[in-house]
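Next comes just one chain, in structure tokens: the form predicted on its own.
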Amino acid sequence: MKIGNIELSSPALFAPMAGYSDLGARYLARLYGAGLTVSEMVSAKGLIYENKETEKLLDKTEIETPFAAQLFAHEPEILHRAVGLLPEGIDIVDINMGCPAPKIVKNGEGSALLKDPVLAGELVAAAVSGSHRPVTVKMRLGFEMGDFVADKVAKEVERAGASMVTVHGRYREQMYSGVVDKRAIRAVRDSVNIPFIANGDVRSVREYDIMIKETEADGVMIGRGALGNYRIFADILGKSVHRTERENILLQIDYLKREYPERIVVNLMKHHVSAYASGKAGIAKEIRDRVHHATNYEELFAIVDEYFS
């Protein structure tokens, strides 16, 4: 599968998730065979104003090639300038048109862009003209429940030069509740001629196969279904990878320690350890409670050693 001139090694991709798709998580996703990893959401204005925290989100591990930077913006001229400032090592520019977070939506960004297909196309055209990299888009089915517009938006961004479209099968109004609408995803797929990726509710090889069959997508982007379950990428490829949960957790911590102070690493790992805990019947709540109160490495490692050895 190719995105523009970029060849992917697998049709199973790791989704960008604010607060979750950090360096450690992306390293594991690629280690297990994900065909593409994507940064957390990056503010186009933050890049222009040289915000250090924004720039840090673009750091990547040594095995993340190809790697996409996901940007959010609502002004074409701002996005045009921002893509020209992306550092070397960024292979693809992805534009966020799906984030449902209120603070993003109120600025007319993320899933709010689904209300204006013309502006969505203008943003893609601006990114294409400002960068030599392929430009992709990640979106939802629509803003308000039942107001299906993703096919119209997909056509606009394809005309504007997008090299790939990813569709999460929910409306912004749903946030992450309910189930994805595969028939609607398929309708978007049928509206474009560029590579198409389906997203939402895939947590196993069986669900991956069903998504591909019912949507005829070229690939699947997996987000929450991969947290604590990075092995899913190897399973989709039919590869056997022998690594314990403890080893995975320690690898994540190791990569985060390279970039962040102890307090931030511990707070980030609370989400990840909680995700690993979901597979431990009877003690998942106990693990989550323990890790929620962890404040330093000593307490974090004690939890990992007790429950994941």
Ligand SMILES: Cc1cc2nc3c(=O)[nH]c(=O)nc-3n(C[C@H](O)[C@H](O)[C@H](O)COP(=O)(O)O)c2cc1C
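None of these values were measured; they are calculated from a predicted model. We number the residues from 1 along the sequence you see.
Although it is not shown, the form predicted in complex with the named molecule is what the next lines describe.
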query: Heavy atom within 4.5 Å of the named molecule in the predicted bound form - residue from 134, 195, 223, 130; finding: 223
query: Proximity to the named molecule in the predicted bound form (heavy atom, within 4.5 Å), stretch among 36 to 44, 276 to 284, 61 to 69, 253 to 261; finding: 36 to 44
query: Partner proximity in the predicted bound form: residue 138 to the named molecule, non-hydrogen atom cutoff 4.5 Å; finding: yes
query: The named molecule contact at residue 25 in the predicted bound form, heavy atom, 4.5 Å; finding: no
query: The named molecule contact in the predicted bound form: residue 229, any heavy atom under 4.5 Å; finding: no
query: Residue 17, heavy atom within 4.5 angstroms of the named molecule in the predicted bound form; finding: yes
